[in-house]
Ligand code: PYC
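Let's start with one chain on its own, the form predicted alone, as structure tokens.
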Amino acid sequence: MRVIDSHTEGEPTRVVIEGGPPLGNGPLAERRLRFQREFDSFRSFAVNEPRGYDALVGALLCEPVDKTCAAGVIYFNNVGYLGMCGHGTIGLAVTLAHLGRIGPGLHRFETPVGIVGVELRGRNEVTIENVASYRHLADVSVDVAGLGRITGDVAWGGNWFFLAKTTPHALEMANVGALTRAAEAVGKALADAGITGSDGAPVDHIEFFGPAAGPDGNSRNFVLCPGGAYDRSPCGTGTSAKVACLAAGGKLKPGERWVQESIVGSRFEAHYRVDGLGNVIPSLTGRAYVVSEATLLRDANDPFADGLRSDRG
């Protein structure tokens, strides 16, 4: 399997450019389902130890159904599959430019949850226009073991998020362990209370917010992703969900700039427009850097040939 690794504002992406599973040419949502049902060993092989690690997000390069798109992509991580991935899309754009497959300017990428706009603004800077995002539930409160009552919004930004109004610990790297445990407890409380996204979808990303550290930042966040790893970037789909909640609450106007910091201090600059159907369409800008190219090898005699399965204990 040939892969190219990058990071977007600190968060890693591994693009699979050769040697992925044979998924056919149907809609990407169907191909993602086939990936999950029939070829999940490819996912674990690509991103889990000993070839990867829990924070690594995979991006399987696919032929798009919509021929106006420069690429199709299916995102996955250490335990499963993602609808969209903002940092991964920025990383994919820079990777495709590195390969000479796209140049500066406007492009479209197809994902299982819709088409996203991509502007390659330079060698490393990319703006993406995400799928329509929205606040699903406002001011939801749950009792969380060890934390008390936590209130936040449930929103869609390409994945499902619970966006807490406050943080149980200061958003500093020294508190990553405590923040991770707190976010896991919030996720369990939401599941126990039956709080979901639309159609019963699990809320599998938890976000805490606090004051920005930078002089022109609006907010700092900590995002726990499914699989137990925290997002080193400000999280593209999470920032989209945040923008949607701000828009729904009348706290951010169309076109108004929002600077979201991550727990490591990196930033996305975001804004949104409203389309003809009244949907919030977020855009965000970040930077990605290619860090390696590799060929991943599989030895049939290796007891961990398909990776250490984080999802199976």
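Residue numbers run from 1 along the displayed sequence. Worth saying up front: this structure is predicted, and the values here are computed from it rather than measured.
The discussion below concerns the form predicted in complex with the named molecule, not included here.
The named molecule isn't shown here, but in the model of the complex, which of 119 to 127, 91 to 99, 182 to 190, 228 to 236 has heavy atoms within 4.5 Å of it? Going by heavy atoms within 4.5 Å, the stretch is 228 to 236.
Which one, Cys85, Val203, Val243, Ile74, lies within 4.5 Å of the named molecule in the model of the complex by heavy atoms? The residue in contact is Cys85.
Among the candidate residues Asn159, Ser133, Thr111, Asn78, which is the single one with a non-hydrogen atom no more than 4.5 Å from the named molecule in the model of the complex? Checking each option against the named molecule in the model of the complex, the one that comes within 4.5 Å is Asn159.
Would you classify Val280 as touching the named molecule in the model of the complex, given a 4.5 Å non-hydrogen atom cut-off? Taking the distances in the model of the complex, the answer for Val280 is no, it never comes within 4.5 Å of the named molecule.
Does at least one non-hydrogen atom of Leu28 fall within 4.5 angstroms of the named molecule in the model of the complex? Looking in the model of the complex, residue contacts with the named molecule do not include Leu28, since no heavy atom lies within 4.5 Å.
Would Leu60 count as a contact of the named molecule in the model of the complex, using a 4.5 angstroms cut-off between non-hydrogen atoms? No, Leu60 sits far enough from the named molecule in the model of the complex that none of its heavy atoms falls within 4.5 Å.
Heavy atoms within 4.5 Å of the named molecule in the model of the complex is the criterion; list the residues of 6 to 43 that meet it. Only a single residue, Glu11, comes within 4.5 Å of the partner.
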